[in-house]
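One chain is shown next in structure tokens, namely the form predicted on its own.
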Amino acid sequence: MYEKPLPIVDPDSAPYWAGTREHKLLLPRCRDCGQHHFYPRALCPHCHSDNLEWVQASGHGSIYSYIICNRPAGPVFKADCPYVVAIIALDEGPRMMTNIVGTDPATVRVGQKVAVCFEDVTPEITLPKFKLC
């Protein structure tokens, strides 16, 4: 059984979570300014337009920056320490913040290639996770 907190799915993020169930990384892109952005919201953070479309991102990229977290964000994450939180520069799409899973934090470096993998945790929720390539 999955014991960690699951994300809240709201109308703005519903297309993102529907895509993950199909093992696709769907991200919003503004039709007016052409910018991708990661956080699902009703307005483009760059130009504040509501003219958005959902497009599939590559799911591959490289580590732009990272930190190693030695303190859990909550009791449920205690077993994960230390863990890596990284900014990923996607090959197609925006930069996004995510955890790097399944690796020794001491081996993580800026510029390393990463790829998304998907973990089915409930029939409704599939979590996208990034691993080193």
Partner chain sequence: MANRKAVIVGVADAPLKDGMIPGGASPLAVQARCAKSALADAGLDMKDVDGLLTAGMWGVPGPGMLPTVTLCEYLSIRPRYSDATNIGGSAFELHVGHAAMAIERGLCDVALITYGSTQKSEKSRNLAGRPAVLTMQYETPWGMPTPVGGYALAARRHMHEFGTTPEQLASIAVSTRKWAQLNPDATMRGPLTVEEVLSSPAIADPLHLLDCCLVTDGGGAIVMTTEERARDLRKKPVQILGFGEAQTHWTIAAMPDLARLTAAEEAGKRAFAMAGVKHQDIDVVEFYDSFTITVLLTLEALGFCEPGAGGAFLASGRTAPGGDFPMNTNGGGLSYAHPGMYGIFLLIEAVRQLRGECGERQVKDAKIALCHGTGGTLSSGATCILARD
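Take the two forms, superpose them, and find the largest set of C-alpha atoms that agree within 1.5 Å; that set is the rigid core. Numbering follows the first chain given and starts at 1. If you're wondering where the values come from, they're calculated on a predicted model, not measured in any experiment.
We do not show the form predicted together with the partner chain, though everything after this point is about it.
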Item to complete: Would you check, heavy atoms only and a 4.5 Å threshold, whether C33 touches the partner chain in the model of the complex?
Response: no
Worksheet entry | the partner chain contact at L43 in the model of the complex, heavy atom, 4.5 Å | no
Worksheet entry | Residue contact check: L132 to the partner chain in the model of the complex, 4.5 Å heavy atom | no
Worksheet item: Does any heavy atom of D10 come within 4.5 Å of a heavy atom of the partner chain in the model of the complex?
Response: yes
Item to complete: Could you work out which of C47, V55, A79, A73 is the residue within 4.5 angstroms of the partner chain in the model of the complex, going by heavy atoms?
Response: A73
Practice prompt. Scan 36-67 and write down, in order along the chain, each residue with a heavy atom lying within 4.5 Å of the partner chain in the model of the complex.
Written response: F38, Y39, P40, Y64, S65, Y66, I67
Discussion item. Checking L26 here: with the core superposed, does its CA move 2 Å or more between this form and the one not shown?
Written reply: no
